[in-house]
Structure formats: C-alpha cells, structure tokens
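Read the single chain below, which is given as structure tokens and is the form predicted on its own.
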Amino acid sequence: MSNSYILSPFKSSSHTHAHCLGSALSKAESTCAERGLRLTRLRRRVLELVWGSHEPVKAYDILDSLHDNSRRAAPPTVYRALDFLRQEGFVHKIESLNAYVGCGEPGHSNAGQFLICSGCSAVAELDDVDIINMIASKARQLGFVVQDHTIEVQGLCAECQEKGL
C-alpha cells in the first residue's frame, strides 16, 4: 500500500463529469444507508450542487441555486446540510476560499492536502501520509500535538499553465 494518494486529480477538458457526479451521489446514498443516516432531499440536492463542477462553490451560491418558484431555502438550512455532508466526509471546506468541494473518496479522511488552481479555480485533492507524518513530527519537536490538518496550496494546473495564465 502506498503512502500517497491522489484522491481527486485536476479534471481535463475531456472529463465526463456526469460519471463522477453519479458516483458521488451513489456513494453518499449507500454510505448513509450503511450508517443509518438520512440523505434527505435537501442534503442530496446540496451535494449535487457542490459536485456540479470541480470548482469550489460558496454556500450563498448554493442557496441561490436552491430557490423554488414559491419559496427560498434559508441560510441556516443550507449550512446544516453542508455541516452534515462535511461530517460524513462527502464534502470538504476550502477555508481560504470559504467554499466547498466534493470529497474525492468519501469517508476516507476529513483532512488532506488541496491544490487550488488560481487560474480556473479547479481543486485537486491529495492524501499523502508522508506529509501528515512530517507535520506531526515537526509539531512534536515543538511540543505540539496535531489534532486536525488541512493544507491548501495555490498554484496553476497544467491546462492553465498551457494557456499561459
């Protein structure tokens, strides 16, 4: 078993998004069933909206997308759905952007390393045990115990580099 995983790579322009969206929804449904949890209609719809692209999506953009012809979802409702999806490992929050992305491997880990393209806003997700261990080791040298970690790295994906962005 490798110590390094690319859980969600940058998507190429030829990427078939419907497949990964369907896979994420199917995984969420089966995981919730196994755990005895409800993937309510709202939670499912919020998950669909987060997985609607491979770019981070903000809570208020989700809120805008949820409005019915007759009524609007309230912000606390969307935040509760996002909290549930985060807690169960279906989405991650990208703190530097105050936005959410789908988890490349639901239930794998809530911590990870995220590569964020400043050109197109796409996000790739890594889970590299060597990075985790190095941080924990350096922290211990300082008398610090790591309880959680998320690393966000800004840069340019290959496609944006090719475009000269």
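Fair warning: this is a prediction, and the values are worked out from it, not measured in the lab. Note that residue numbering begins at 1 and tracks the sequence as displayed.
Not on display, but discussed next: the form predicted together with the DNA.
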Is residue 38 close enough to the DNA in the model of the complex to count, meaning some heavy atom within 4.5 Å? yes
Find out whether any non-hydrogen atom of residue 100 is located within 4.5 angstroms of the DNA in the model of the complex, and reply yes or no. yes
Would you please decide whether residue 67 lies within 4.5 angstroms of the DNA in the model of the complex, comparing each non-hydrogen atom pair? no
Find out whether any non-hydrogen atom of residue 59 is located within 4.5 angstroms of the DNA in the model of the complex, and reply yes or no. yes
Looking at 126, 136, 42, 32, which has any heavy atom no more than 4.5 Å from the DNA in the model of the complex? 42
Of 23-31, 127-135, 92-100, 113-121, which is the one stretch near the DNA in the model of the complex, taking non-hydrogen atoms within 4.5 angstroms as near? 92-100
Heavy atom within 4.5 Å of the DNA in the model of the complex: which residues of 129-151 meet that condition, in order? none
